[in-house]
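Given next, in structure tokens, is a single chain: the form predicted alone.
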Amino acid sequence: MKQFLLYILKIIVALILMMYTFDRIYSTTFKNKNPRNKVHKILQLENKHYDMAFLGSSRTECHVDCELIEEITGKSCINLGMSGASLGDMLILLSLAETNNITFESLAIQIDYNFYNTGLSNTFKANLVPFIQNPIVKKELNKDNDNFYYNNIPFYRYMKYDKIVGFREFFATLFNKKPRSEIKFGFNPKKGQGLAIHGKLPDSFVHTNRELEAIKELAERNETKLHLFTAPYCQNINNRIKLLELKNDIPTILSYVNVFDNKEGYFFDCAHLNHEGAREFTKILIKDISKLSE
């Protein structure tokens, strides 16, 4: 019996050591290898200035062509839009940028369905876990119900978010595999045409968003010009009228919800423009933002 218990103890010790080893290897790789997503890019970048930055969900990532903006304006530009991103994600991303002395002359933030949500998206949270030693990251992850396990069980956070920062992503990062989304400018255009509806707008609506207010305070603190905009939706989406009514709560917002109502060929699906539509939208957006910045 004593030998059996000793054998079990050895297995447990070996597993703990293995978990510590894997935790260290994963964390070191994500911190030091070329970033494959925009969260890791900002976490690794330091002392960088951009004239313009665009933040939002896939409705920014797929709609704003920063390379085209640089050609038109001659100003440096980065698209930090991320699929499924919330305003909470954007607030933390901007806080991390501020800590790393990444500065922006102006910020343009997509505000539409995300105005009615709070908190961090699951994907964004997963991409934070390799950087748990960062004070801002640690503070956010400590709000999670699993914070005890993050801090006390090595490799737990990578097991929990295996689909996002697990084995496949680790090896892709380790061997510098090219990411699906372009990182330098951050624009990820869609190809094809359609008006399919995936998901729906919320049934209930709020009139304020505390995370947006915090973003405004951060921009003011850094003397950054802040522009808010609503990206196009096709006419088939339910409750679209509520997005048009955002003007009542945010009078300064640039609303483009219905700008392509007669241009169905510009849509990939009801919530996303295709590449041609994105380039046309970029031209409209940058023209209006430039006027406001004069």
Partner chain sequence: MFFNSIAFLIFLPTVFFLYWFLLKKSLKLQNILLLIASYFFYGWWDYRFLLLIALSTVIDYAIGLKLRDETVDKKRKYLLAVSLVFNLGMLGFFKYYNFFVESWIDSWSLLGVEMHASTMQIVLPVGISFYTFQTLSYTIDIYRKKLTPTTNVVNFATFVAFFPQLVAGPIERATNLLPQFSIKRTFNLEHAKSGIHLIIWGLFKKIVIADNCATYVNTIFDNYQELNTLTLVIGVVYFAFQIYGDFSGYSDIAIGTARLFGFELMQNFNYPYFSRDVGEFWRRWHISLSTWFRDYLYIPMGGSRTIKSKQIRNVFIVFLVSGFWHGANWTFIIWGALHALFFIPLLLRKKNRKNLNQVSEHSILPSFRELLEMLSTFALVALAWVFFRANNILEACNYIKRLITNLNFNIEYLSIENYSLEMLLLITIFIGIEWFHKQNEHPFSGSYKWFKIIGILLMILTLGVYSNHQEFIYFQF
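Numbering follows the first chain given and starts at 1. Note that the structure is a prediction, hence the values are computed from the model and not measured.
Not pictured, yet referred to below: the form predicted in complex with its partner chain.
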Does residue 160 make contact with its partner chain in the model of the complex, using a 4.5 Å heavy atom cut-off?
yes
With a 4.5 Å heavy atom cut-off, would you call residue 25 a contact of its partner chain in the model of the complex?
no
is_contact(residue 167, its partner chain) in the model of the complex, heavy atom dist at most 4.5 Å
yes
Residue-level question: is residue 19 within 4.5 Å of its partner chain in the model of the complex, judged on heavy atoms?
yes
With a 4.5 Å heavy atom cut-off to its partner chain in the model of the complex, the contacting stretch among 109-117, 186-194, 70-78, 152-160 is 152-160
Can you name the residues of 1-36 that have a non-hydrogen atom within 4.5 angstroms of its partner chain in the model of the complex?
1, 3, 4, 5, 7, 8, 10, 11, 14, 15, 18, 19, 22, 26
